[in-house]
Structure formats: structure tokens, C-alpha cells
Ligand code: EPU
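Before any questions on binding or motion, here is one chain by itself as C-alpha cells, the form predicted on its own.
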């Protein structure tokens, strides 16, 4: 365990914002994490656990301790007739895990392929794509309580998963650090292809395989999303809003081509990308920040953007969507 001081976080956030952490520590085991949490340095300063920084916007230097997991285990825990349960360390790169699953021909992660980030953060954020959320395949989440250093195992039913949220982002925010996640994978894949243009992308493939769906998802994502190494971004910046049926019916009369998806509780999900594009933001710039010309859901660091540029652009987009449609869109990205 090595402690760095005044450490640049440029390579630890995909927006490419050059801010510094007062302290930065990487740990390789639960024992090291417990030891770290007992240090005066941690007890006397704010603490921030990060993954790859793919869902963060640092707005200033972090005057505290940033910790990053390097727990990279991968092991099969048990099997049933239908499922294989695997335990994966929080520091494993998410898409590396997806690739391993696809190579084994197991179902569950294919729609979530190529999402940037790490396994620990996936369980906190409840990442999702193409009609699938990671909560759909999580069995348990292993954690360490920050205040006490005690380990705690959360069953998926205790995690209070919702759209891009979990108990680790709400009532237990900043109270636990995820160290590993147990996933339930399908021996016989159950493909979900009815979201977006995924079904069209695999229509000619027979027999359909996990790898084929994964490859299609990756191709679609690459066609729409810029590589963070070339153009700083955090993927989808905004959540897709959920609105009441009555509100949707009212808007649908005026905007007959408005795309939508039925959601639980009688709500309707409207793609935020469509709303933003209708407001004329696609390809527009604000200071050093911009809206990606191929996907308006993505804000980019186009020309040495500051965090302020990105925040102001996001705020302006939210206001215009609200004014035009009466719909509130919220950032998926966490401001730090």
C-alpha cells in the first residue's frame, strides 16, 4: 500500500480534468483496506472511493483521501442447473469481466459490454444499457464499513436498486466501500434484444451467441460514443427521465415521433438524447466543453474544458429541456 500526496487525478477521471487529491492510496486486499481505514489520515479527512472515474466530474481539487481498489480476484463460487455464480473483485475492469463471461458462453453481461468503469462502481451505480441493469445479475455485494472496518455482505434484495441508483448512493452513501461482487450468470443465455436497434444488429446471426450480442453492443457503442482516451467524456451524462402517462400523452399529441419505453408504476421513459437534440444542442459548444455530434447524451471535453464549462453546459441543457417539454432531466454523472 503506497500513499501519494498532492496526487494528480488526471488519469483517474475520464473527463480528463486535471485536479489533485491531497492523498491517494491504492489497496490490494480487504486487509489492506481495513488497515487504511484505521489510519488517522483517513479519520481526519474526507474520504472518496473511486473506480476508474468514468462517472465523476471533479469540480475542484479534493482536499482529502482518494482510495482506489486493486482487488482483482475472479472465482467461481457455486453452480446450479441453470446458473453459475462468480465472485469478482471491485478493482476488475468491468469490460474485462464482460469479455471473460462471453468467452465462457455465459449470459448476463452481454448488453452491458463496453461500459467504462470497474466492477465495484458498477454495483454502486447500477449501470445499465439496452434494457438490462447490473442489478439483474447481482447476487451479493461484499463491503467494508468505513466507520468500523467491519465486513458486511449485502444480499441484492438489501441493495435497494433502482434506475442508476442503490442504497450505496442514498441512505448508506459514503458509509461502505465495495470490495467484491457476486454475479449470477446464465448457463443458457436469455437474450434481451428489444431495446434500441440491438435486434436489427443481430437479426442475421443464427445461431445467436453471447459473443455475437456482445460484439453488436460494442459496435453500436463505438459508433455513438467517443473514446475517453481521445476525447474526454463520462459516457451518458444524463439519466433518461421518467414521466407520468398523462404528461406523455399530452406531449405525444404535439410530438408524434417522440420515442418512449414503458416503465414500472405506469411511468414512461423518454430518451434524454432525443429531448436534448430537439432543443438544438447536438454538436454545440460552450467554452471548452461540447455536446458530442454523434450522441447528444454525451458531454465532451472538446478543448481543455474546465469543470465549470461542463457544469454550465449541463445546466443550460437541463433548463432548455424543462422549458420546451416540462421535463426535468438529471445528471447521471456525480459531481465531486
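None of these values were measured; they are calculated from a predicted model. Residue numbers count along the first chain shown, from 1.
Just so you know, the form predicted together with this ligand exists too; it's not on screen, but the next bit is about it.
*Asks:* Please determine whether each residue of 195, 261 and 277 possesses a non-hydrogen atom within 4.5 angstroms of this ligand in the predicted bound form.
*Replies:* Answer is yes for this spot.
*Asks:* Taking this ligand in the predicted bound form as the reference, which of 161, 154, 238, 176 has a non-hydrogen atom within 4.5 Å?
*Replies:* It is 238.
*Asks:* With this ligand left out of view, which of 129, 135, 146, 71 would have a heavy atom within 4.5 Å of it in the predicted bound form?
*Replies:* The residue in contact is 129.
*Asks:* Pick from 41-49, 24-32, 266-274, 62-70: which stretch has a heavy atom within 4.5 Å of this ligand in the predicted bound form?
*Replies:* Correct option: 266-274.
*Asks:* Taking this ligand as it sits in the predicted bound form, is residue 296 in contact with it (heavy atom to heavy atom, 4.5 Å or less)?
*Replies:* Yes, residue 296 sits close enough to this ligand in the predicted bound form that at least one of its heavy atoms falls within 4.5 Å.
*Asks:* Looking at the partner-bound form in the predicted bound form, is residue 150 within 4.5 Å of this ligand by any heavy atom?
*Replies:* Because no heavy atom of residue 150 falls inside 4.5 Å of this ligand in the predicted bound form, the answer is no.
*Asks:* Do residue 282 and this ligand share at least one heavy atom pair within 4.5 Å in the predicted bound form?
*Replies:* Flag for residue 282 set to yes.
*Asks:* Going by a heavy atom distance of 4.5 Å, is residue 187 a contact of this ligand in the predicted bound form?
*Replies:* Outside the cut-off, so no.
*Asks:* Suppose contact means any heavy atom within 4.5 Å; which members of 200-224 contact this ligand in the predicted bound form?
*Replies:* Counting only heavy atoms within 4.5 Å of this ligand in the predicted bound form, the contacting residues of 200-224 are 221, 224.
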